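The chain below stands alone and is given in structure tokens; this is the form predicted alone.
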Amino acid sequence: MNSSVDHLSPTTSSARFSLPSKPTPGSKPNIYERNLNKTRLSEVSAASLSFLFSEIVQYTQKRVSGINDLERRLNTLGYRVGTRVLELTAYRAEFSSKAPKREIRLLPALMAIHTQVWRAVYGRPADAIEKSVENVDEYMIIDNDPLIERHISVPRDLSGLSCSSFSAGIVEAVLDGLGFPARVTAHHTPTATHPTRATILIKFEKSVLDREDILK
């Protein structure tokens, strides 16, 4: 009888967990050997990103029970991406600056997401940051033309769906990593000039506002 030790032995699982081999002379370097600071080499075409995301939405849609479940799963996926985006942008900032700093104030942190994070993920900054006039703990990031939604046609029975829940997950992960815990959701807010406009609503925890008052 074979033991569990035999099943987990390196000889039986080496192919599954082996590291990528070194490239032979004349071959193209693999993804593990790319320089993380050369952003030009890491760019992906907008069409490729849109196609990949549309396939993700279609795949996920077949495995959920409704709009809320679909948005939740897209948010979770975005959160996983956001943690890695934060690590990458922090690494590049530390490499390129002699005195890198971590944002501890609310508005600079939001501006970093609006500009640096959005550019790292979508190739351009978001369109605006707005503060709620009704609730002091709410801010909004506006994207007039979300890249990931350009080639997605939402059916009528899912008219309330906002695929920018993926972007909301990215924002939530970055804010958590920076020490600004918040609940982030996405909402479809079309206008006459921007029919695919999305609003990323950020509702901060009370501890964030209390700390901001102290820092003032």
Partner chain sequence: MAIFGLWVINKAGGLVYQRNFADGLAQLTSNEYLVLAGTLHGIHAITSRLSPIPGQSSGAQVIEGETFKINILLTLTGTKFILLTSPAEPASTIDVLLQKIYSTYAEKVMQNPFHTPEMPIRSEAFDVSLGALIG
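Predicted model only: the values in this text are computed from it and were never measured. Numbering follows the first chain given and starts at 1.
Note that the form predicted together with its partner chain isn't included here; everything after this is about it.
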* Structure fact -> Contact with its partner chain in the predicted bound form, heavy atom within 4.5 Å, among 67, 57, 182, 178 goes to 57
* Tell me, yes or no, whether residue 61 is in contact with its partner chain in the predicted bound form, where a contact means a heavy atom of each within 4.5 Å. => yes
* Asked: Is residue 161 close enough to its partner chain in the predicted bound form to count, meaning some heavy atom within 4.5 Å?
  -> yes
* To do: Classify residue 50 as contacting or not contacting its partner chain in the predicted bound form by the rule of any non-hydrogen atom within 4.5 angstroms, answering yes or no.
  => yes
* in the predicted bound form, residues of 144 to 161 near its partner chain [heavy atom within 4.5 Å] -> 150, 151, 152, 153, 154, 155, 158, 161
